[in-house]
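Below you'll find only one chain, the form predicted alone, shown as structure tokens.
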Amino acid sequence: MNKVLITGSEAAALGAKLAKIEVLSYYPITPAFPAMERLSKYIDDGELNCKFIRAESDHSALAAVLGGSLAGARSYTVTNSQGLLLMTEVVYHVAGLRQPIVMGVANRALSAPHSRFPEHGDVVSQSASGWIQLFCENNQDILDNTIQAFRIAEELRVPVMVNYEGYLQSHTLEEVFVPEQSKVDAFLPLKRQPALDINNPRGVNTVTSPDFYPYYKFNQNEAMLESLNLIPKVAAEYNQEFGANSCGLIECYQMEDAEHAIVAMGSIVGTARILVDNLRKEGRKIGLIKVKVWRPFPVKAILEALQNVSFVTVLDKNIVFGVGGALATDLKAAAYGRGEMVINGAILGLGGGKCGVEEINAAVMETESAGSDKNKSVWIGL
């Protein structure tokens, strides 16, 4: 492996290049654009043999990529925020048609009010779409998860979103280990599964009767559930092949004797590690669970990691209005009726708001002060 200093956007583009994508379409949107720009340069420089389709909107970009995938090409796009919302119609088409598309999402807050800064609300809006959703702690995760995403998508015929945060990751430089192209080729052989034959045209997504529709949805859900078995296997093989340290569904940190656990996904995980180390030095029995896979939600893996924990602080960079944070809501539902563990959610970092060590520590303290209150949801940093 070579070690390079690159941004998260460059890591996403490099992952797609190493995967040898064949169809790329996008519409320029901030802060996802640098990944698109870098991929365009790879194509222009002759480093990537890929068909680039210029589109007039994000909706059209995903539609173009869907066409490429239906023809059997390895296809990729990048977007975020309002662009992802504009894609929503096609997002559901892609999942329902079982097309193995990978999409990088440089998470950005949604309007209104207008924001250019990071949070996870854009992808939370797509939580029921039928896409696997992976979250990245750092730029190394972006590269590793992008390569693995194509393997997962093509084996299950389920699309995958690789989420990384705008500016905090997309525009920040970090050292990243880059695997050799020949080894990626061996790890990720092209699994061509065309649904269209240009020499024998036929309709796709015709009207389906109530007699058949539920069966399509059942099979789609079964494939999502099967990903909970496949993703750890792919990660383990990736680690063995490349000497990497990519986690499967979740990653436990200092959880062996933890009485209080922080649960989080995305860039805030790295900051939470610092707090856990600081509190451990003070003698506090606290640990951290990094959630890499949010859809499908890895209930069994998380509950096993929390089996000896009394308090849980869930950090959410999103808000489901009137309910709370999406990750906390999922965890509370999963743990319902399973003992006296207190699970409280903390909402922070919305629209680029502060979510440093001090804010995470405040969330931990408020969780512990809640006592037996299991339904508390606190806003940090207001």
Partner chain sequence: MALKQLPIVPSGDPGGLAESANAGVQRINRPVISDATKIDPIVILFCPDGAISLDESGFVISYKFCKGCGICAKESEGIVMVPEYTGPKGIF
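Keep in mind the model is a prediction, meaning the values are calculated, not measured. Positions refer to the first chain, counted from 1.
Form predicted in complex with its partner chain: not shown, discussed below.
- Put simply, V178 is far from its partner chain in the predicted complex: not one heavy atom of it is within 4.5 Å.
- Interface residue remark: G96 is counted as part of the site for its partner chain in the predicted complex, having a heavy atom within 4.5 Å.
- Heavy atoms of F117 never reach within 4.5 Å of its partner chain in the predicted complex, leaving it off the interface.
- With a 4.5 Å cutoff on heavy atoms, V204 counts as touching its partner chain in the predicted complex.
- Think of it this way: in the predicted complex, its partner chain has a heavy atom of just one of A236, A195, C252, L228 within 4.5 Å, and the residue is A195.
- Distance criterion of 4.5 Å from any heavy atom to its partner chain in the predicted complex singles out N219 from the list N219, Q307, S182, S111.
- Here the chain stands alone, but in the predicted complex its contact with its partner chain, taken as any heavy atom within 4.5 Å, falls in 96 to 104 among 243 to 251, 289 to 297, 118 to 126, 96 to 104.
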